[in-house]
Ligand SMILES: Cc1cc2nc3c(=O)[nH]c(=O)nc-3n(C[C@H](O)[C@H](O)[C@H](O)COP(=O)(O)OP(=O)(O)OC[C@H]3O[C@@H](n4cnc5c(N)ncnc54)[C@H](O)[C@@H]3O)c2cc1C
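Given as structure tokens, the chain that follows is alone and in the form predicted alone.
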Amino acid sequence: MILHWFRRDLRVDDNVALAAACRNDTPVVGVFCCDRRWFPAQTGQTGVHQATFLLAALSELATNLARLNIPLKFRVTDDPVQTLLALAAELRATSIVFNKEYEPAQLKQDSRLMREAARIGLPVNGFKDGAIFEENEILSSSGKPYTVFSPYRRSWLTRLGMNPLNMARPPRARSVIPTQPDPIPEPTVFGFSAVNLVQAPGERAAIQRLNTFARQSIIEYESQRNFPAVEGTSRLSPHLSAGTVSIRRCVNAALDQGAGQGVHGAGVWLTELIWRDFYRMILFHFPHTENQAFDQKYATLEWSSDPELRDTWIHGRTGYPIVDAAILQVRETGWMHNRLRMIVAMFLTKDLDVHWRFGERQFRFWLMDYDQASNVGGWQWSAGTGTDAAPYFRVLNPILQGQRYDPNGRFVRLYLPALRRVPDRFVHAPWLMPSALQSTTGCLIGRDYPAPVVDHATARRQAIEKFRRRSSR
């Protein structure tokens, strides 16, 4: 019997480790270890939206596996390694298989599992599944990892050859063994409140969303992807995070829609998928970036510790509508548009001068699609401390960003009802309204909507000067 350890690969379709386990008629049992340090609500790590999404995906996975006579075990544990080894002994497993992850904590855990299993003669095999190219597959001519995206992308595309990727063979029904699946608990069992997901979870929903996006929206992706009031993105990131759709299926969809033949929308979306591989490679080779600046000259930058500034950002009360609406969106739904992630991250780090780690940890708790490598990479890019980061002198103006990407205020009014009667010309800077107009529209600044917590122009100058001083050393 082979034990498959499910993590961020909650699907039957194109699952490399599962396909390997099912190559012959050997019985297979799946297991998902719910690590108390990450999953339950009390730890403050995984938030309600991602927990709900993952548990629903697990429930569907259990049903799909049952059709193949593969029972799924669910274990809550403080030590996944010991839990796996105990379950393997109980089931008399001949090996354990899993799909590799690249986060520092997961790499340490996987190494420990292999060491302890080797002591008892139990084979453990990890498979590449969550990346197209991993670890040392894309290196510079000097044999070193790329730290700038553009040359990495060129090498990635050259190696791909713009050919469709091979998909893992679908598993057949297994021999029946006397092992019953475990029920998948509801989120409330772990102390989470009940929420309605804005996006359907599970493998079936993932494939449907990918197919719809590829058929209807990918061509216009480049022109529509930056507007939060428009359904212009794939919305597949929660599925890629949970592994309810494979990265290979997504890349093949982009290629099928012309990503390699000059179709720009498909090509731009493929580039977004390449960023995903890039950030995994960076976190693997530079694990210190989990908590520290990639660019070490910024490692000792001083940041504000003002709790009131942080609180205005956390609660969407900064006085800048595009920032506040984005924060309220993610708190309510677990989702934030990618353009808005850049805006709110740069506002926190540059306008409010708060360390990027604070924002990264908040996103970990808020986001339904939290992915450590991409999240850390994105935050360091916005803060100006990371690999291939935005230059320190690039500071997004939240007013201009709102006017450009939400010109009629459709998005901000959705989450900020105080602005619903504010004219379009003031909706992204309502404090500029004359007092009489504030009264007429029912949006008195300081009462119905907060005044700006900082002056952007002043904060921008201070941020640039802080980074300039450090850069000139």
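Numbers for residues come from their place in the sequence shown, where the first is 1. Note that the structure is predicted; figures quoted are calculated from it, not measured.
Only in words, not in the display: the form predicted in complex with this ligand, which the text now covers.
> I'd like to know if Arg276 sits close to this ligand in the predicted bound form, meaning any non-hydrogen atom pair within 4.5 angstroms.
Yes, Arg276 lies within 4.5 Å of this ligand in the predicted bound form.
> Check whether Gly130 has any heavy atom within 4.5 Å of a heavy atom of this ligand in the predicted bound form, and answer yes or no.
Taking the distances in the predicted bound form, the answer for Gly130 is no, it never comes within 4.5 Å of this ligand.
> Evaluate Trp335 for contact with this ligand in the predicted bound form, applying a 4.5 angstroms cut-off between non-hydrogen atoms, and reply yes or no.
It does: once this ligand is placed as it appears in the predicted bound form, Trp335 has a heavy atom within 4.5 Å of it.
> How about Ser155: is it within 4.5 Å of this ligand in the predicted bound form, going by heavy atoms?
Close contact is absent here: in the predicted bound form, Ser155 is far from this ligand, nothing within 4.5 Å, heavy atoms only.
> Just one of 342 to 350, 89 to 97, 288 to 296, 398 to 406 has residues with a heavy atom within 4.5 Å of this ligand in the predicted bound form, so point it out.
Result of the contact check: 342 to 350.
> Only one of Phe192, Tyr146, Tyr370, Tyr102 has a non-hydrogen atom within 4.5 angstroms of this ligand in the predicted bound form; which is it?
Exactly one residue meets the criterion: Tyr370.
> In the predicted bound form, which of the listed residues (Gly243, Gly265, Gly378, Pro171) lies with a heavy atom within 4.5 Å of this ligand?
Here the answer is residue option Gly378.
> With the partner left out here, which residues of 48 to 85 have a non-hydrogen atom within 4.5 Å of this ligand in the predicted bound form?
Residues within 4.5 Å: none in this stretch.
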